[in-house]
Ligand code: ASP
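Quick heads-up: it's one chain on its own, the form predicted alone, in structure tokens.
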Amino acid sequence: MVEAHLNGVRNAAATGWRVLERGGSSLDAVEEAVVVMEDDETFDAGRGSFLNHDGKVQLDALIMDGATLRAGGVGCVERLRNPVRAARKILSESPHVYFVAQGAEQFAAAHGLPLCKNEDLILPREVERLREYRSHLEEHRADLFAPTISHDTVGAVALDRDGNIAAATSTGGTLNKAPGRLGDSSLIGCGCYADNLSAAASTTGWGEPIMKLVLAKWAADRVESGSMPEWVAQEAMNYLKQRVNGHGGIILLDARGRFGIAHNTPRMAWATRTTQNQEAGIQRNGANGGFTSAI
């Protein structure tokens, strides 16, 4: 599915770029880019996400505005096609930052977002993936979160004409996860963070180690201290591996338009678009790993 991932991140970057070209905010751009990937069944976000131990889709998402530090997040939602839309509603229309499960779905419905059946989010491909995984459970048990098993989180970062940055991340989590499990993606500072004074970041990969390091905030702080995002992104991956034996990927962007993309998974798809050029690719060493999108 390499070409499908490339097409997905290209489409996401193009959509976000159109928002920016029309004078839209970075917050609008990352929301729309992530929606494209949630709607794309290639990724572990929205419809087509990995199934949990109960055979259900449970989704998490976060969006954050670097200008105001306002953020919105949802966790363990089962009836939303686009959890990043709900996260944006929380950011814009609630004094709170985070809603989970039924409460998040109730908030979304009260603010005009349609609810769906969980079955509408499940693909036969993922039913078979879960069945196949369980048939080899003993050999997987020693390395439940191996980089080749189940990381396909999506995210976006953007800088707008007003000099504001934003980030968003969305995921279905890891394959066969326990019901109610939250990863890093929707937790502020872990899988997603944005601050005009430092950087916007979105991560993908094995959530538990990323959470332990509050990795998105860790990376943003180093940019604020003067390090180049290009170097910080790679340092973050080295830190993740060396400190807690974790794996994943990160996209990182500062308010000057400097960005970094790095990963220590076998592959990661990415796309960028700037006033100078556009580019897309899959950095790879072998089997499928984490995927994300950058603008």
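On a predicted model such as this, the values are computed, not experimentally measured, just so you know. In this text, residue numbers run from 1 along the sequence as written.
Just so you know, the form predicted together with this ligand exists too; it's not on screen, but the next bit is about it.
- Under a 4.5 angstroms non-hydrogen atom cutoff, this ligand in the predicted complex has W206 among its neighbouring residues.
- In the predicted complex, this ligand lies within 4.5 Å of some heavy atom of T174.
- Shown alone here, G72 lies farther than 4.5 Å from this ligand in the predicted complex, counting heavy atoms only.
- R81 falls outside the set of residues with a heavy atom inside 4.5 Å of this ligand in the predicted complex.
- Just one of K217, R129, R181, H111 comes within 4.5 Å of this ligand in the predicted complex, counting any heavy atom, and that one is R181.
- Of the listed positions (D44, D254, E32, D65), a single one reaches within 4.5 angstroms of this ligand by any non-hydrogen atom in the predicted complex, namely D44.
- Proximity to this ligand in the predicted complex, taken as heavy atoms within 4.5 Å, picks out 183-191 from the listed stretches 183-191, 120-128, 159-167, 221-229.
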